[in-house]
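Next up is one chain by itself, shown in C-alpha cells, the form predicted on its own.
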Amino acid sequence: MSSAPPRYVYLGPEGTFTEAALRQVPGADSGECVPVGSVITALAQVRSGEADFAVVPIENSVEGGVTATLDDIAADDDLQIQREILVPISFVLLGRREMDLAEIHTVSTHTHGWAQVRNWAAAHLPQAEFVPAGSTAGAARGLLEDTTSYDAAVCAPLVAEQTGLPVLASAIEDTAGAVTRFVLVSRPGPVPAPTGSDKTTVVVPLPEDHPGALMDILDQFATRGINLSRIESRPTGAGLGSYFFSIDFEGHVAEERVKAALAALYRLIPGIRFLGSYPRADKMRYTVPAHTRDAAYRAGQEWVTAIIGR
C-alpha cells in the first residue's frame, strides 16, 4: 500500500522566491506543494504534523537575517533544519499593462523587496509612491484584479512567467549578486550524514548579562577550531536586556570537535537548542586545524586512557 506523498508548505503565494527555493529541493516535485501566508503559519503546520516540511527564508545577503524565521524557529525544540538552499535574487518591474515608466505613480511590493530596489526606483521612478504588500508575488498578482489601484509591482521573474503580465524593467536590484538563503525544516529526526562540507545551527540563550558572557560562548568554538558563519542576537521578548544568539558554524554534530563544543556549551547554558547539521548549499570545503580533527581527539583520548590504565 503506497503512502501519501510528502506535504511541503512554503511562504506564498505562488511565484515567490521561496517557491523558487522549493523547486531546488530533491523530491519536492513529487510531493504536495502548498503556499501559505506567513513564515509562522508554515512552521506551525510542520510542528502540528499538518505538513512534513516547510521552506522559509532565513537570511538575505543585503538585508541580513529574516527575523520572523529566526524568532519562530528558535522558540522550541520541535523543528530541525534538514538543508539550506541559496537563491540568487533579481527583481523585475511588472505593469498592469504596457506603459512608460513616467506613467507609473504607485508601486507595490514587500518591504524587503523595496529595500533592495529603492535606489533604482529613486533614479527611474522618482514620482512613484511605494505601497507595501504582504509578499512580492502577492503584489504582482494584485495587478490582475480590478480592485487594486497601484500601477506596477516589484517581484521575482517567476511571477512574470506565471501571470503573463508585461515586464517593464528587468534586473532592477540595487546590489548585483544578492542571494537569499532558505532552509528546509522538518520535525526532529535523523540528522543528515556528514559530507565534509556541513553547517550546524544552534540557538544559545544568554541566561545572565555579565561582562564576558558572549566571550564565554565564542571561546567554546574558537578553542576547537570552529569557524562561525553567522551570529545574530535577538530579543527573547521577556524584557530589555534578554537576548538569545542564533548561530551558524562550520561543521557537523558527528565531528568530535563539534560534539565537544556543544557539550561545553550545554554545561554552561543548558537552554541551548540544536536546530540541525546539514550540507552546505555552496558545497565549500573548509579547513579543520590539525589539532581539532577527529584523529587528534582520538589520540588525546587514547593517551589519557593509557595514563589511567597504568
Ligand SMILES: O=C(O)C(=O)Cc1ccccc1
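No experiment lies behind these values; they were computed from the predicted model shown. Numbering starts at 1 and follows the sequence shown.
This protein has a second form, the form predicted together with this ligand, left out of what is shown; the following refers to that one.
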> Is it open or blocked here: this ligand placed from its pose in the model of the complex by C-alpha superposition, 2.4 Å cut-off to backbone or C-beta atoms, 3 or more ligand atoms needed to block?
Replying inline: open
>> Even though the partner isn't displayed, in the model of the complex is Arg230 close enough to this ligand, meaning a heavy atom within 4.5 Å?
In response: no
>> in the model of the complex, does Arg83 come within 4.5 Å of this ligand, counting heavy atoms only?
In response: no
> How about Thr200: is it within 4.5 Å of this ligand in the model of the complex, going by heavy atoms?
Replying inline: no
>> If we define contact as a non-hydrogen atom of the residue within 4.5 angstroms of the partner, is His110 a contact of this ligand in the model of the complex?
In response: yes
>> For the interface check, one of 165-173, 212-220, 189-197, 86-94 should have non-hydrogen atoms within 4.5 Å of this ligand in the model of the complex; which one?
In response: 86-94
>> With the partner left out here, which residues of 266-298 have a non-hydrogen atom within 4.5 Å of this ligand in the model of the complex?
In response: none
